[in-house]
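Okay, here we've got a single chain as structure tokens, the form predicted on its own, with questions on binding and movement later.
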């Protein structure tokens, strides 16, 4: 078969890959996506964001039923796990179908098979050579496993947790980042006994310390046992159960038994076996090394998404990276990404979201910091919803907003406003002049800024 030539070839069809392809096609480029899996969408759509949020919605429904008497409704519910998984799969298939149709409508060619980068640049796919003016690496990531452990019936990662044949009665989750906290929420809401173990000093360890403390209190209230600052020393599949041994510094070792152990200690880049060394692409801790424009060490080879050595591994940061690369390839001037300005979201219960710098980061960078915290429970709408939490604002004294951090109901939606506030370098008095609709949860942001501007309305 003769060589084929494109303007842009994208290796991988996840969020970073398809965002690159769609934007490049929109800009008039001839584009191809190389994908080894049967379905398009990558980790986020097939094994990550979308299916996990579908499970979280089922969990939220169960929560509301269990609490229905708080709102004067007598109701009871029973978890039908096969139906829960069926609903999750239906949503995934619907979104895969939509993405496939969009790729086709934009006239992006899909080349099935395992692609490897070659000099040129080019991509080799099962004996075919696909040449391109530019190649974009978007091969994504995989769930990391603790050293010495292998996936089995009782030791699993998030991939297996999404498709369990039956709901366990108990689970130990190793890792209290976004993935660990989200699955802790799912299992707890569906009646599973949950224990979370985190090696770092607090759960949600990358968030502002005040958010971590608030989340830990809420998890305890829900009956989730979470232990931070502990080291897992052994995970043993004992046949009819799993045994997890751990210890905190200065304390006696402990062992907990459960039906399943979910390892949620982060994700690693899919950078092996894709021909990087043949094309002069260097790695940084197994991630693809990129500069501020997302260009690799090889000319006309770019990297986006989880495989790239950038500060965030998020679906929406991949969108921005993919679109930015496509526009640069098309000759547009695109500013480098301020990763602090990308919102971070955890869909646990309570939800956690943030944008900008934490208080500790702001102080470390030499800012003269002022902060305020607003308790959601002051709001009528939060009382109606029956959930609490906090909004914390970090700002420069006599200067712009440096960070907004929230834990509570629906804060993964509210963070969009906070993202604009941070990225447009608003000053607290500017935001305080903008009134929020009443009664809504968005008032939490408004009240926090009223307080920081020295004119609190519903607080002292």
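On a predicted model such as this, the values are computed, not experimentally measured, just so you know. Numbering follows the first chain given and starts at 1.
Form predicted in complex with nicotinamide-adenine-dinucleotide (NAD): not shown, discussed below.
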{"property": "One residue of 120, 177, 168, 269 in contact with nicotinamide-adenine-dinucleotide (NAD), assessed in the model of the complex (non-hydrogen atom, 4.5 angstroms)", "result": "177"}
{"property": "Among the candidates 218, 265, 357, 301, the residue which, in the model of the complex, approaches nicotinamide-adenine-dinucleotide (NAD) to within 4.5 Å (heavy atoms)", "result": "265"}
{"property": "Segment that reaches nicotinamide-adenine-dinucleotide (NAD) in the model of the complex - one of 81-89, 313-321, 288-296, 371-379, heavy atoms within 4.5 Å", "result": "313-321"}
{"property": "Residue 198: touches nicotinamide-adenine-dinucleotide (NAD) in the model of the complex, heavy atom cutoff 4.5 angstroms", "result": "yes"}
{"property": "nicotinamide-adenine-dinucleotide (NAD) contact in the model of the complex: residue 182, any heavy atom under 4.5 Å", "result": "yes"}
{"property": "Non-hydrogen atom contact residue 188 with nicotinamide-adenine-dinucleotide (NAD) in the model of the complex at 4.5 angstroms", "result": "no"}
{"property": "Residue 151: touches nicotinamide-adenine-dinucleotide (NAD) in the model of the complex, heavy atom cutoff 4.5 angstroms", "result": "no"}
{"property": "Triple contact flag 340, 426 and 454 to nicotinamide-adenine-dinucleotide (NAD) in the model of the complex, non-hydrogen atom at 4.5 angstroms", "result": "no"}
{"property": "Within 4.5 Å of nicotinamide-adenine-dinucleotide (NAD) in the model of the complex: residues from 338-367 (heavy atom criterion)", "result": "345, 346, 347"}
